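The chain below stands alone and is given as structure tokens, in the form predicted on its own.
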Amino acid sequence: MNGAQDMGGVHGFGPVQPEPNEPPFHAEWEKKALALVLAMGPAGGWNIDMSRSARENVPPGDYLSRSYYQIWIAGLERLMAERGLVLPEEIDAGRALYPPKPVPRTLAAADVDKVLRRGGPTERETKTNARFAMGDRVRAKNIHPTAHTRLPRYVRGHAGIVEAVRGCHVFPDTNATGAGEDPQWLYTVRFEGTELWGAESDPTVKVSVDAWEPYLDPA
């Protein structure tokens, strides 16, 4: 979707200023926010693309005024509310007001390290052949879906070169809506800065984007 999170190349936000030796957390509550999001995944039954979609659906004004983990909490509240795991008055109160709703499974403290180490691999076997190969010139489709997508807005309609074929992976656009994994071939596509932002762009700038096959056409 064309949400506030998709701000690559947008004017007015200033340069990206990395923080040297940035710590994983800037406050104690951020640790709790991460723990809550991880713990509620198994309990709520949603996947990573649903989580990303929930965070992207935070209203633009709220999204741009909140910190990273504040956005995570807002996304979690949305996911839980959609499934009846929490009610608006409980969010306002900051505590449970009613008996908890049964959940399919929970993440035990003793299993956290094992689960994090295992991760959530997205690569899938396929009997289809990749449509594109390294060196092919492709064009990102000019799409504007109202649901989740991983195709950055600033590359849509622009041409680039396939620099790697990454295998077949879960397609986030369908996985985020509960329509299934629908595995698709994934490519790394390199775009020239001048292609994306015109002749005034730094001619040395190149941007590489991982793009699923449904996002691409031959150029």
Partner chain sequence: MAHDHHHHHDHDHSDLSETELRVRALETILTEKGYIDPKALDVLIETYESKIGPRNGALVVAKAWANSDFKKWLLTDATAAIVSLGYEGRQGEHMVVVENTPTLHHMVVCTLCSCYPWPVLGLPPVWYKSAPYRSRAVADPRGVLSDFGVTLPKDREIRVWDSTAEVRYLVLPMRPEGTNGWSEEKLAELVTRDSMIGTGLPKAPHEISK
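Under this definition, the rigid core comprises the largest set of C-alpha atoms superposing within 1.5 Å between the forms. Numbering follows the first chain given and starts at 1. Every value quoted in this text rests on a predicted model; they were computed, and no experiment measured them.
What comes next is about the form predicted together with the partner chain, which is not displayed.
A residue is said to contact a partner when one of its heavy atoms sits within 4.5 Å of a partner heavy atom; residue 219 fails this definition for the partner chain in the predicted bound form, lying far away.
With a 4.5 Å cutoff on heavy atoms, residue 125 does not count as touching the partner chain in the predicted bound form; it lies far away. The shortest heavy atom separation between residue 136 and the partner chain in the predicted bound form exceeds 4.5 Å. Not displayed here, the partner chain is approached by residue 33 to within 4.5 Å at the level of heavy atoms in the predicted bound form. Though the partner chain is absent from this view, in the predicted bound form it lies within 4.5 Å of a heavy atom of just one residue from 143, 81, 103, 147, which is 103. Of the residues in 5-19, those that come within 4.5 Å of the partner chain in the predicted bound form through at least one heavy atom are, in sequence order, 5, 6, 7, 8, 9, 10, 13, 14, 15, 16, 17, 18, 19. Relative to the superposed core, residue 17 undergoes a Cα shift of 2 Å or more between the shown form and the other one.
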